[in-house]
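This document starts with one chain, in the form predicted on its own, laid out as structure tokens.
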Amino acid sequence: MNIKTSCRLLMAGLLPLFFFSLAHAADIKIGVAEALTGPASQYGIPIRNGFELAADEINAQGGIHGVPIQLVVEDERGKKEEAINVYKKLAFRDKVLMIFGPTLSNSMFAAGPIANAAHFVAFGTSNTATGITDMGPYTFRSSPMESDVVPVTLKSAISHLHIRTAGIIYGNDDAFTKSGYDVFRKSLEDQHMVIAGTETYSRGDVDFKPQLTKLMALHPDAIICPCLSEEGANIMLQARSLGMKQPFIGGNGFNSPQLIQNAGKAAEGTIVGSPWFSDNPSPENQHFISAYRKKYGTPPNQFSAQSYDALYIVADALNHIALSGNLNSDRQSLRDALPKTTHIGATGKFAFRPAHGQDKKPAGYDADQLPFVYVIKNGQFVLMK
């Protein structure tokens, strides 16, 4: 390129774009670490699908300044040790710009420190446990915390069902379920509900009747179950077999069609909060639903909606920075741009807010988004009004 051409491009505002294209002849690689096999795949597969759909659309529109996004997808199987291995592979061997995932909060707690130590963005779209973004300033999430969703869910449940007492059952050896229990307990106390009794189980348990029998004897108005959907469905089925008729109130783990498929009629009346409303008439949401159905032949869920929006959020941030081709510099530029990024997508209006952090240590960014509240009725998630 001669001097005259450079001057013309500079005057036209095209020179930065020209150099950007030269620096990025290759695709922009973004890592995706999700549970694609094992029990957590009921969340991980829709999450991957949402990313792929968004990537197809963004690339069809010209990518980022003319450079396509390449998703580098790895299966972390919903296991902490696998999440660590996948993070290391994506960050240091594949040299991705950032990583989405892992699927479960337990796995993010294990892998997230790698991102903060190596100074690249770890972006969770399904992690709701308290403390995720306390790991450091490179940790982001687009999934609202249980502490944001649960109080709204409980307030709606109390109003509609006139419940005043609750029994709780949760897994005490899992970060997600333990965090969910802590949030539910505080919210119950804040809303002056009586906790009739609390029972725990361990990961891998399949017989919940001893715990349910104890709760049944206390006659609570509702059962709080901050569990993943596989365990939750088993708990519901066993509760109904014991003759328990109380409604269940769940956390983010219940936001899966698999819960209804596995529990059937036992899930009727269950109440849960979600940041996504399938019948939201907004053009962004209706486009997403239509495009997802066309590509995958099935309806989307909350988790695919959140991942779809998340890639657009990152794309918005990338479109506002000039990538240099230096991986370390570009990782830092993306981290600095994300907190200021806002988006309107399938889940509605989205923005980040700074995490509070602990001990005044630098923290990451949480989702600033309001939830909807659903009840399961006739085998469907129906918006509570």
Ligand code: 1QQ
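From 1 onward, residues are counted along the sequence shown. Remember, predicted model here, so these are calculated numbers, not experimental data.
This next part talks about the form predicted together with the named molecule, which is not shown.
- Though the partner is left out of this view, Tyr138 does not reach within 4.5 Å of the named molecule in the predicted complex, counting heavy atoms only.
- In the predicted complex, at least one heavy atom of Phe303 sits within 4.5 Å of a heavy atom of the named molecule.
- Among residues of the shown chain, Phe120 is not one whose heavy atoms approach the named molecule to within 4.5 Å in the predicted complex.
- Though the partner is left out of this view, Gly253 does reach within 4.5 Å of the named molecule in the predicted complex, counting heavy atoms only.
- With the partner omitted here, the residue from Val272, Leu90, Cys225, Leu104 that has a non-hydrogen atom within 4.5 angstroms of the named molecule in the predicted complex is Leu104.
- The partner is absent here; in the predicted complex, the one residue of Phe176, Tyr201, Phe248, Tyr312 having a heavy atom within 4.5 Å of the named molecule is Phe176.
- Checking 280-288, 148-156, 128-136, 204-212 against the named molecule in the predicted complex, the stretch whose residues place heavy atoms within 4.5 Å of it is 128-136.
- Applying a 4.5 Å heavy atom cutoff to the named molecule in the predicted complex picks out Tyr43 as the lone residue from 28-43.
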